[in-house]
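Given as structure tokens, the chain that follows is alone and in the form predicted alone.
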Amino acid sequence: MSQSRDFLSQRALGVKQSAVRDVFDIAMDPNLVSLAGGNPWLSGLPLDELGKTAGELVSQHGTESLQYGPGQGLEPMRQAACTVMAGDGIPDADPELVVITPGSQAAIDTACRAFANPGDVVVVEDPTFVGALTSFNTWELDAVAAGTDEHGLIPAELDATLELMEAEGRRVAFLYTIPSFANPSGALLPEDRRDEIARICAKHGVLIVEDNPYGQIAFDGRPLAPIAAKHRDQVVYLGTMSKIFSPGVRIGWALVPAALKREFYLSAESAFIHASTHGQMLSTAFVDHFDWQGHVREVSGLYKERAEALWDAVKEHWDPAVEFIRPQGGFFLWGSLPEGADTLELMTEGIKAGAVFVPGAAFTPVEGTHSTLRLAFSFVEAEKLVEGVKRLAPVVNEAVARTR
């Protein structure tokens, strides 16, 4: 066995399995209430009609839908991505600057391929998306955390972090940020901060990779325009069909500045050739021939109801010393226990009590004990959300009591 492991590269030996994936395996237990997985609710989709469309893509267009396609993505899919981006707040996206990827996770990976060298820094908000941290780790990049509050990334903290990196002679490959209803915090970055972050990155000569999977899941129906809307030349903007349609089709994209598009596209093509042709054609049909915006409004209303049920439950059953960022959209409720609590240990106790969440340690590059946790409400009916909170209440409240 030791000789077999000699075949592995140092990069492979350093790859860490996502803690969220570990929790997903546990959450499959039907006896547990899972507040862990950020899955979209798919039951509201017009499944019969989509099934007919999917079948026709094979029966009537199989020689195209089952064939290889262009590396940049099918032109109708790139047009459809621009339609979705118009809903995000980017009305003038150019399909020639869009690269279709197998989900936005592949676009994050491609950004690492195209813009970063081993040992480079990627500045991230703290907390941040665990899948991005996994990609940064795989590509041997140093994720450096910049401070956040209940509104997201703090511009002064970003500026100070970039100043420090310059002082240390470190190359910053890019800033990775999720400004709208971030995973895991759910924070919504205000418009003035978006402009300030763009200004700070321009001052330091740092590229922005803006990830926006949740932007249209705004409970008030008014998504904030992305950073890329006004700062196109310094932002690689990532989008996805996963939250507004289906994660199973594995379709995402990057809107890339013209000066970077060729290298980004070639980096993507070298990794996966192209995204699924059938997935692209089905996603295009959803945007072009179905009421996709009506579906987004419907599920956003459902998510709002579930978020409110979860909020009311934690406020009723958990110690008031646990602080939360109230969701205004997206899939998640972020909680902070008093300093000294270890939510990684609490996860094990919670599983014994019959419910599971994701501990905050999964979402940060900062080592040590963390007192934060993420609760997901998107995929769980309101009654079960309340039951999960009740099951966790003794565990959480006892942990809070131990910190006093």
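Predicted model, so just to flag it, every value in this text is computed and none were measured. Numbering starts at 1 and follows the sequence shown.
The same protein also has a form predicted together with another copy of the chain, omitted here; what follows describes it.
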In the predicted bound form, which of 313-321, 216-224, 149-157, 199-207 comes within 4.5 Å of another copy of the chain (heavy atoms)? 199-207
Within 4.5 Å of another copy of the chain in the predicted bound form, all of D126, P190 and T369 (non-hydrogen atom): no
Using a 4.5 Å cut on heavy atoms, which of T284, S300, T161, S246 is close to another copy of the chain in the predicted bound form? S246
Taking 4.5 angstroms as the cut-off for heavy atoms, does L8 touch another copy of the chain in the predicted bound form? yes
Contact between A114 and another copy of the chain in the predicted bound form at 4.5 Å, heavy atoms? yes
If we define contact as a non-hydrogen atom of the residue within 4.5 angstroms of the partner, is P118 a contact of another copy of the chain in the predicted bound form? yes
In the predicted bound form, is there a heavy atom of another copy of the chain that lies within 4.5 Å of any heavy atom of A145, even though the partner is absent here? no
Judged by heavy atom distances of 4.5 Å or less, which residues of 42-57 approach another copy of the chain in the predicted bound form? L42, S43, L45, L47, D48, L50, G51, A54, G55
